[in-house]
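Heads up, the chain below is alone and in the form predicted on its own; it's given as C-alpha cells.
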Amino acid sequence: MAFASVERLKTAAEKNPLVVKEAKEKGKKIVGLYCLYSPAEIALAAGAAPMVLCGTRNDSIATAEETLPRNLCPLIKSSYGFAVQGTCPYFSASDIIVADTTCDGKKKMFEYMSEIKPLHLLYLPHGPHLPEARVFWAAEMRRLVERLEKEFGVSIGEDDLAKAIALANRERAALKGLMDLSRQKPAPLSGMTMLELLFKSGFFADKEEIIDMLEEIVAEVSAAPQNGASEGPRVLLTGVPVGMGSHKVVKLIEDAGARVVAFENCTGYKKTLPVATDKPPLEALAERYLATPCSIMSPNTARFDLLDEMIRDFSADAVVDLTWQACHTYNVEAGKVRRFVQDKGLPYLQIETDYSEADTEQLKVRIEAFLEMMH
C-alpha cells in the first residue's frame, strides 16, 4: 500500500543538500556527526544543525584505499572516501566534525580526516558499568560544549541543553513510533521502505520539520486498514549499521520472501533510548549515550537485553546478524549472539560482507537456504 506521507518525506529528502547549503549561506553552523555516541543535543544547544554524514556507499572506497588499508571495515573507508572526494554535501557544509573513539580503525582514520576539516574527538570509555566511566564521559561532554562555544562564539547554558534534549527526545519518540509500526502483523511497511525512511531522516537540517513528517507517517499508516496478506518469516536484523547503498542484505532477505520487521542496530532501535530530563543535562547526556549497546562496549550486556525485548515485541521468527568485514568487535560478539538467539529457539544466521556486490549471488543462496529451512 502506498502512503502519501511516506512519499512526502522521500521527496523532501531530495532537497536536503540544497536546504543545508542555503542554511549555511544564511549563517547557520553545521556540525557533522558519524556515530550514535556523538551527542546531537550539544550541537543543537549551540544553535547549530547536527547532520549525519555519508558513509554507506561503495563508490568512495577506492579513493579511501589510496590512504587506508584494504582490510579495513567498509564503513570507515566509505566515510573517509566521501571526505577526500568532497562528494558528501553534508561533510562539505560542516564547520566541524564531532567524532569518537568507538573502535581502533575509526579513531586512527579520524587523524587523517582532521587534516581536511576541524575535528573534535571524544574519548569514549568502553566500560559502561564503571562509575568512573560516566564521570569521565560527562567531562567529555563538557569538553565538547567548550569547543563549540569557542568555535561558534556562543555560550551554551543548561537551559539551552534542556531545550535541545527535549527536541531530540521528540525526534527519538517519533522514530520509535515509526519503527513500532512493524509490530503489526503483517507489518504495513517493507523493511526496505523502513530503512529508506530511517536513513533519509538523518539528513534534515530542521529537526521540527523531520519530526512533523515522521509523526504524520505514523498517524497515516496506523489509521490505514490492515490487509491480511501473508508477509513470510519476520526477520530481526542485528549487528552493524546499514543505510541506502549498503542495503543489499536487507533487499536479499525481502526478495527471498521474508520481511525485515526490526532493526536492532545504530540505524534503528538503538536511536530511540531517551535522555532523562530530571537530571543535570550533561550528566543525563553522559548516562544516555554511554548506555548505547554497541559491540565496542565490554561487557555489552545491554545489547542482549534489547534483543530479548525486540524479539518479543516484534514477533520475530528469525535473527540475521550482519557484520562488516574487519569489524572485529561485532564479528567476535557474533558467537554470543548466536548462543543467545538459539537458546530462545529461533533460527540464526550470521553474514559477514562488505559494500560491494561481489558476493551478492553467494549471499542470495545462503539467505534462501536459511529461510527455506524455516518452512
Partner chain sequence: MIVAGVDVGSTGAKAVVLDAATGGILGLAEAPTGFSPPKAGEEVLEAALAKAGFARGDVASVVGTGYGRVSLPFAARRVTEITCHARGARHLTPEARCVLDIGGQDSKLIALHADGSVKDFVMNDKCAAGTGRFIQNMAAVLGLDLDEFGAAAARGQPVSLSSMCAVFAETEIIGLTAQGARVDDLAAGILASVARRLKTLTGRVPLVPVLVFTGGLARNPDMTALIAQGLGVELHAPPEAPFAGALGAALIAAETAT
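Positions refer to the first chain, counted from 1. This is a predicted model, so every value here is computed, not measured.
The next section is about a form of this same protein that is not shown, the form predicted in complex with the partner chain.
By the 4.5 Å heavy atom rule, the three marked residues 338, 369 and 372 all count as contacting the partner chain in the model of the complex. 325 is the sole member of 329, 56, 325, 315 with a non-hydrogen atom within 4.5 Å of the partner chain in the model of the complex. In the model of the complex, at least one heavy atom of residue 358 sits within 4.5 Å of a heavy atom of the partner chain. The closest heavy atom approach of residue 63 to the partner chain in the model of the complex falls outside 4.5 Å. Put simply, residue 349 is close to the partner chain in the model of the complex: some heavy atom of it is within 4.5 Å. The partner chain in the model of the complex is approached by residue 362, whose closest heavy atom lies within 4.5 angstroms of it. Of the candidate stretches 338 to 346, 304 to 312, 22 to 30, 43 to 51, only 338 to 346 has residues whose heavy atoms lie within 4.5 Å of the partner chain in the model of the complex.
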